[in-house]
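Listed next as structure tokens is one chain, alone, in the form predicted on its own.
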């Protein structure tokens, strides 16, 4: 089990599609079972998307247990609220949760999103042009991808933590209460916030349940049929963070000017954009809003509704983007408290080394290169490794067998067959042949 995903080995057919789709090479097959490296998994959910056997799931707590705990606080990712409803309307899912006994803290959460947008805008204004663009830290999967594969871009990360975490801090500071909190998440990356928080030592979330699980239960019980009042939607700037470009528009609204930004969704687009930034080709851009899922959080693998239908609901909401005087004054007071800042630094995550000892690591590196030159180099994945180089690395560490490669296995079988064929052609000195020689010898003497 990974921090964000779980593998049902009874359903797994070891087709290796998950292994080949993983952007961080976090998956392997050892001894017939899929293993996930917690240190490398970023929770993007690609393995879940490609698995034809539904053998991989988002790790979550029991919804039945959560809903029975009336002392628990429940909050949700914005994408949760547009899983039902008609065009331009949000479903009454918040009311459904309230009827189940959960307290409505959406005002605190929406204020936290306003505060995050304000803080990001100020950081953009304070940076020198050569220090831009800043990169959004809202998507945990993108953040972890940068920590793993693009550590030199960490200095571009905006220093504002998740509004979901800020919202719970704001609620606790205001009310003085300390109940446990559960998060309704749209993807494995958001699920990982609980066990692997970014920019803080401990997450505010004690439990996680996925959107699909909650929605299916509410619909089956007839509790998700109505729509929320228009007042909820007019103050729903925070809901737009579920949509690609929504974060950027919210930031621009707090800045009072257009924001030069690029919005990228989907793994390939995000990786291409980060590569462009590494090459220094984004000089005129102020902000990068990156989401690992297509269409943003609406496309999370743990959502319930079609991302296109959720998109229709969000795009047609009548959102009031202008902060009134009272809202702006409250935000400025909160901004001065530094509630929005990371409490721990964002650091690069070290890739798994060949060995902790430098001499041993050099020896294994030479062995790895020797092994790699003998492999076919086509990255077919039939060995249970994501690539031939990954297999060579594991073999250099002493993990696995060279015959896990189907081509090396075929070579081995061919060599053995050749040896067996050569042995079959030999005429060993069997007792029968010896007896014939002895008989022939005696007959010769007699003659």
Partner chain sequence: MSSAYVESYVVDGNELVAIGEASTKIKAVLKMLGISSDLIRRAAIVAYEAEMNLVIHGGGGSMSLEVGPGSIKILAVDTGPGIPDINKAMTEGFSTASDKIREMGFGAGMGLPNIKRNSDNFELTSEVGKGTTLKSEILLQKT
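So that the term is clear: the rigid core is the largest set of C-alpha atoms that superpose within 1.5 Å between two forms. Values in this document were obtained by computation on a predicted structure and should not be read as measured data. Residue numbers count along the first chain shown, from 1.
From this point on, the text means the form predicted together with its partner chain, which you will not see here.
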### Query
When you measure heavy atoms, are 64, 69 and 198 every one within 4.5 angstroms of its partner chain in the predicted complex?
no
### Message
Can you tell me which of 208 to 216, 117 to 125, 346 to 354, 71 to 79 lies within 4.5 Å of its partner chain in the predicted complex, counting heavy atoms only?
### Response
346 to 354
### Message
Can you tell me if residue 173 lies within 4.5 angstroms of its partner chain in the predicted complex, counting non-hydrogen atoms only?
### Response
no
### Task
Give a yes/no on whether residue 235 approaches its partner chain to within 4.5 Å in the predicted complex, heavy atoms considered.
no
### 4.5 Å heavy atom contact, residue 263 and its partner chain in the predicted complex
no
### Query
Applying a 4.5 Å heavy atom distance criterion, does residue 359 contact its partner chain in the predicted complex?
yes
### Listed residue (295, 180, 149, 94) with a non-hydrogen atom within 4.5 angstroms of its partner chain in the predicted complex
149
### Task
Could you tell me which one of 155, 268, 341, 257 places a heavy atom within 4.5 Å of its partner chain in the predicted complex?
155
### Query
Looking at its partner chain in the predicted complex, which residues in 362 to 379 have at least one heavy atom within 4.5 Å of it?
362, 365, 366, 368, 369
### Query
Taking the rigid core as the frame, does residue 127 move its C-alpha by 2 Å or more between the shown form and the other one?
no
### Query
Aligning on the rigid core, do we see the C-alpha of residue 369 shift 2 angstroms or more between the shown form and the other one?
yes
### Task
Taking the rigid core as the superposition reference, indicate whether the CA of residue 279 shifts 2 angstroms or more between the shown form and the other one.
no
